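Taking the form predicted alone, here's one chain by itself in structure tokens.
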């Protein structure tokens, strides 16, 4: 990301805000802020200026709070998992530590961008009503749920893109988070192939195969842009579906995530 190009773009909208960002970036970020502080400060600065410079429609606020709910869920999940004794093997610890840092920054960004409109963090039941009773003591269960959450998050962001067409700058920032969530999903799925001894788990989704069927509903879609791609270039149905991700509606996502949310 070219931060100084972003400053130039902001200058056209809010000169004062751009000036503050440039000062914080060129002086404090480069000379006085440590790398650890910068990891927290940069999302906060961007979110603050997005909040000030761009009017948020009611639809955008609804979508951002929806995204915030999912980010709260993931953030708390990785905090608990990374803190659990003897859960994550040393060989995989760096992966989940980094994913956890990303989720914390996503929450900070969305909370700051929404300001007083941000919803409060819910309380969560990571045992999913008893379905994942050993979530923080059994690494296989932890990886299964991690993969399910990441795959759901990717489809959830994609499903709301259309609702942000009237807020193009907010859509851009939502897509930046979406692409990082997609990277999380890919790395956890690859990890799952080994941990769960499931070679069918690849970095991408094949058809509607998955441990939680509702998460993958519709992933066997063969029609893209109104064109049925079955048999295209002699490719298998699996190869065709792997090339495209499908969105999930808000209602479908909340039905999947609902049992995790206590209130």
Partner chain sequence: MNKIIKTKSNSENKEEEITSVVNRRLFLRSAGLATSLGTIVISACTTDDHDPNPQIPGTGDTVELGSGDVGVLNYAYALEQLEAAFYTQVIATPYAGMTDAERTILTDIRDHEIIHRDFFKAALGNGAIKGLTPNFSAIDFNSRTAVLGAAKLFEDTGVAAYNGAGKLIKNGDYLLLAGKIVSVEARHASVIRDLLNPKSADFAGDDIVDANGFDKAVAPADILTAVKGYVKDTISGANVGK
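Positions refer to the first chain, counted from 1. Worth saying up front: this structure is predicted, and the values here are computed from it rather than measured.
The discussion below concerns the form predicted together with its partner chain, not included here.
Going by heavy atom distances of 4.5 angstroms or less, which of 82, 138, 127, 98 would be at the interface with its partner chain in the predicted complex?
Filtering the options by heavy-atom distance leaves 98.
Should the three residues 78, 119 and 134 be counted as contacting its partner chain in the predicted complex, with contact defined as a heavy atom within 4.5 Å for each?
Judged in the predicted complex, none of 78, 119 and 134 sits within 4.5 Å of its partner chain.
Quick one: does residue 253 come within 4.5 Å of its partner chain in the predicted complex, counting heavy atoms only?
Output for residue 253 is no: heavy atoms all beyond 4.5 Å of its partner chain.
Contact between residue 109 and its partner chain in the predicted complex at 4.5 Å, heavy atoms?
Yes, residue 109 lies within 4.5 Å of its partner chain in the predicted complex.
Could you confirm whether residue 233 comes within 4.5 Å of its partner chain in the predicted complex, counting heavy atoms only?
Output for residue 233 is yes: heavy atoms within 4.5 Å of its partner chain.
In the predicted complex, does residue 203 come within 4.5 Å of its partner chain, counting heavy atoms only?
The answer is yes: residue 203 has a heavy atom within 4.5 Å of its partner chain.
Could you list the residues in 235-251 that come within 4.5 Å of its partner chain in the predicted complex, counting only heavy atoms and keeping sequence order?
Heavy-atom contacts to its partner chain in the predicted complex: 235, 239, 240, 242, 243, 244, 245, 246, 247.
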